[in-house]
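Here you get one chain, nothing else, as C-alpha cells; it is the form predicted on its own.
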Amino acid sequence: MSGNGAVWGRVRCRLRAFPERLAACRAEAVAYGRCVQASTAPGGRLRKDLCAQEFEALRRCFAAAAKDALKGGP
C-alpha cells in the first residue's frame, strides 16, 4: 500500500496545476464555453459534434500546456 502514496501525490500535483493550464488556454476555453452556451440557450439545440472545432482547439491547447509543464516550461 505504500506505493499508493506516490501515485496519489502525482495525481494531487496534476490537479493543483490544472488552474494554471486552464488559464494558459483562456481564449480556447471561452470559445468552447460560448459555443456550448449558445447551443443550450432557448431555441438552441445541443447535439453531438456541434462544438467539436472549439473542443479540439481546447484539447490541443491543454495538451501543449501539459507538454510544456513536463519540460519545465511555464
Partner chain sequence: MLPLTRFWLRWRRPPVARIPGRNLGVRKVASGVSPPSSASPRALNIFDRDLKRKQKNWAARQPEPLKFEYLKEEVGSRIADRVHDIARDFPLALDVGCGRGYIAQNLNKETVGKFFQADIAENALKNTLETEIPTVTVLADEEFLPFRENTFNLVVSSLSLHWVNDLPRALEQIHYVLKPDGVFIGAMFGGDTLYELRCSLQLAETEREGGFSPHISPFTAVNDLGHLLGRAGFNTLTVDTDEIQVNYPGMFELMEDLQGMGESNCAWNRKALLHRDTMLAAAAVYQEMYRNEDGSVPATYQIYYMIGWKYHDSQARPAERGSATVSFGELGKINLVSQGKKSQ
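Residue numbers count along the first chain shown, from 1. If you're wondering where the values come from, they're calculated on a predicted model, not measured in any experiment.
The form predicted in complex with its partner chain exists for this protein as well; it is not shown, and the discussion that follows is about that form.
4.5 Å heavy atom contact, Gly44 and its partner chain in the predicted bound form = Outside the cut-off, so no.
Mark Leu58 yes when one of its heavy atoms lies within 4.5 Å of a heavy atom of its partner chain in the predicted bound form, and no otherwise.
Contact with its partner chain, yes.
Taking its partner chain as it sits in the predicted bound form, is Ala65 in contact with it (heavy atom to heavy atom, 4.5 Å or less)?
Answer no; every heavy atom of Ala65 is more than 4.5 Å from its partner chain in the predicted bound form.
Checklist entry - Is there a heavy atom of Arg12 lying 4.5 Å or less from a heavy atom of its partner chain in the predicted bound form? => result Taking the distances in the predicted bound form, the answer for Arg12 is yes, it comes within 4.5 Å of its partner chain.
| in the predicted bound form, residues of 27-62 near its partner chain [heavy atom within 4.5 Å] | Those in contact are Ala29, Val30, Tyr32, Gly33, Arg34, Val36, Gln37, Thr40, Leu46, Arg47, Lys48, Asp49, Leu50, Cys51, Ala52, Phe55, Leu58, Arg59, Phe62.
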